[in-house]
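Here you get one chain, nothing else, as structure tokens; it is the form predicted on its own.
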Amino acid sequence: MKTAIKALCLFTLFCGVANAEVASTDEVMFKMDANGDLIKPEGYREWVYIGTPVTPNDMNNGKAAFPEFHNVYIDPISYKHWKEMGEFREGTIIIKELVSVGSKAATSGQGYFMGDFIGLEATIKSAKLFPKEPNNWAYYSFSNKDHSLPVNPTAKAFPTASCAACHQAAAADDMVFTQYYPVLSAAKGGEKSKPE
């Protein structure tokens, strides 16, 4: 009797996990408020880290459009889909955490080293929410204009002209600059060696 109960429990446990994995492809890892604004995602540093580009002022005549480090994360469900299918799924969210350029010297030598956290941005792909946006991507910023913390708890989508044109013109994959994120380019649809 005890053996049968144990077997039933294990069957239920494994079936529950399997069903959760199947259902998870429809899940989204973001929430919108009653006004349609994006609520700042929690726990994004536990998502899949895909890279940290920086275009410092020093290398751009003192006028870089984005002079800070960008720590970039993708939600784990969408990363799994990207690895399997080579495309960004409905409901993909990518987070960009802004970090100032701090010291330019360390015990390891000269370079660009991270300073302080100064902002947070996000992009979401959703035909349901953004049917009129190019490729159904919308862009958000929780950052304050003076880069002070804490960041705002919600964010409104940017007008299309603010971000979409640059992404359409130069992004390698569906509005995403995968060419600058080797974690994504190496994992795309299982075509190349997996980074992990």
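When you see a residue number, it is the position in the sequence shown, counting from 1. What you see is a predicted model, and the numbers here were worked out from it, not measured in a lab.
Here the subject shifts to the form predicted in complex with another copy of the chain, a form of this protein not shown in this document.
Chemist: Should residue 139 be counted as a contact of another copy of the chain in the predicted bound form, where contact means heavy atoms within 4.5 Å?
Modeler: Contact check for residue 139: no, nothing within 4.5 Å of another copy of the chain in the predicted bound form.
Chemist: With the partner left out of view, is residue 39 within 4.5 angstroms of another copy of the chain in the predicted bound form by any non-hydrogen atom?
Modeler: Residue-level check for residue 39: no, no contact with another copy of the chain.
Chemist: Do residue 45 and another copy of the chain come within 4.5 Å of each other in the predicted bound form, heavy atoms counted?
Modeler: Output for residue 45 is yes: heavy atoms within 4.5 Å of another copy of the chain.
Chemist: Taking heavy atoms and a 4.5 Å cut-off, does residue 135 contact another copy of the chain in the predicted bound form?
Modeler: No, residue 135 sits far enough from another copy of the chain in the predicted bound form that none of its heavy atoms falls within 4.5 Å.
Chemist: Is every one of 56, 110 and 113 in contact with another copy of the chain in the predicted bound form, taking contact as a heavy atom within 4.5 Å?
Modeler: Yes, because 56, 110 and 113 each have a heavy atom that approaches another copy of the chain to within 4.5 Å in the predicted bound form.
Chemist: Given that another copy of the chain is left out here, which of 143, 154, 160, 52 has a heavy atom within 4.5 Å of it in the predicted bound form?
Modeler: Checking each option against another copy of the chain in the predicted bound form, the one that comes within 4.5 Å is 52.
Chemist: Judged by heavy atom distances of 4.5 Å or less, which residues of 64-78 approach another copy of the chain in the predicted bound form?
Modeler: If the 4.5 Å heavy-atom criterion is applied to another copy of the chain in the predicted bound form, 64-78 yields 65, 66, 69, 71, 73.
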